[in-house]
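Shown next as structure tokens: one chain only, the form predicted alone.
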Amino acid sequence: MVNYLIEIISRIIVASTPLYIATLGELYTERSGVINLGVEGLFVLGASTAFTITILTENLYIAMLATLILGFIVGGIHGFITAYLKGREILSGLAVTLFSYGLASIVGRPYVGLSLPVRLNLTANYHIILLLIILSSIVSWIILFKLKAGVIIRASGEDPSSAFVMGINVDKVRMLTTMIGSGLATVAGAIYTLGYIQVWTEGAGAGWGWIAIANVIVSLWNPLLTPVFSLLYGGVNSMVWMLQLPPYNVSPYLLGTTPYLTTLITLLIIVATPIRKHVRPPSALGIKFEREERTI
């Protein structure tokens, strides 16, 4: 019985890890005032790229580094379009997702169904992973609410005009946080394939980016709450896998909707209950920052 409980707990933590990483990255991005809908596509792209590079190089470190750099590059393009060119965040984010979907399909297609030569052994180190999740959430809270860097990020998302007057380069901050969030999204996708499902199939990881974005909302843009809801969704997803097996044999098509239903129910609870009074996104979230022209 004890071993069975340990197995369930380890599965939940392993399933929660990629979701938590993607959520944390999007939280930093949104705190600066940018909505990055490209997280969904970047998660899938990271999953495909990491799997492919691991097959070719048999080196997990190279695969993880490559996906991180790829996320920075794509995130930099998205950040430049939205922050400096003042493009529409929603359209640019959706374009990133569609582009990433297509690129992930091209990159991963020759390697569908192949086995990894090396794998991330997350299950054996689940207790260390849980500790790292908790510590990183605490560190992120300290960064955002106690350090100067966090004040700059939050000022860019709350009142960019005042931040600009105080000498903060709002466009630069928003672009950098978008790059950070995008990099973490691709790394999350890499961990998803290398440490969780350990296989690549067409569209693997699709939907996880959307859940990560919803997770930021239900976490009230607070890094201390992101592990709680990440573990909730990760737990639901891990139960889905287990209930497909004997003796349960529940339809995988029915179970496949469970994580998304859980997300919708959680959002509904947030919106339809007094909790909504505490839901306060950054004041300038999704709002373009235009420097005012000064005349004498």
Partner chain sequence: MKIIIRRRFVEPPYLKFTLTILAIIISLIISMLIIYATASIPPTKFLYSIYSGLIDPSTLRYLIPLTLSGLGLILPYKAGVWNIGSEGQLLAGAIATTYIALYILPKNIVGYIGIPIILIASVLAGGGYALIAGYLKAKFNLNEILSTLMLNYIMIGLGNYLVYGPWRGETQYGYPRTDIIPNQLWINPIQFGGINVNPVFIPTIIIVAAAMHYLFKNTRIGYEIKVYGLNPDAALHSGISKTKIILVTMFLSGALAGLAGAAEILSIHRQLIRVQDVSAGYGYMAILVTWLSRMDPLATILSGYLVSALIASGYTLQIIAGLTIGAVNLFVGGLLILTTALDFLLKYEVKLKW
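For clarity, every value in this text was computed on a predicted model and none was experimentally measured. Positions refer to the first chain, counted from 1.
Omitted here: the form predicted in complex with the partner chain. The next part is about that form.
Chemist: Which single stretch, out of 140 to 148, 183 to 191, 87 to 95, 169 to 177, brings residue heavy atoms within 4.5 Å of the partner chain in the predicted complex?
Modeler: Contact-bearing stretch, as computed: 87 to 95.
Chemist: Decide if the three candidate residues V2, S219 and V236 all line the partner chain in the predicted complex, where lining means a heavy atom within 4.5 Å.
Modeler: Contact check failed for every one of V2, S219 and V236.
Chemist: Using a 4.5 Å heavy atom cut-off, state whether S136 contacts the partner chain in the predicted complex.
Modeler: S136: no contact with the partner chain in the predicted complex.
Chemist: Could you tell me if P117 has a non-hydrogen atom within 4.5 Å of the partner chain in the predicted complex?
Modeler: Judged by the heavy-atom cut-off of 4.5 Å, P117 is well away from the partner chain in the predicted complex.
Chemist: Taking heavy atoms and a 4.5 Å cut-off, does S251 contact the partner chain in the predicted complex?
Modeler: Contact with the partner chain, yes.
Chemist: Are any of the heavy atoms in G76 no more than 4.5 Å from a heavy atom of the partner chain in the predicted complex?
Modeler: Contact check for G76: no, nothing within 4.5 Å of the partner chain in the predicted complex.
Chemist: Heavy atom within 4.5 Å of the partner chain in the predicted complex: which of Y126, F72, Y101, F164?
Modeler: None of the others qualify; the residue that does is Y101.
Chemist: Only one of V271, M242, V228, L56 gets a heavy atom within 4.5 Å of the partner chain in the predicted complex. Which one?
Modeler: Of V271, M242, V228, L56, the residue with a heavy atom within 4.5 Å of the partner chain in the predicted complex is V271.
Chemist: Who in 255 to 281 is close to the partner chain in the predicted complex, meaning a heavy atom within 4.5 Å?
Modeler: T257, Y260, L261, T263, L264, L267, L268, V271, A272, in sequence order.
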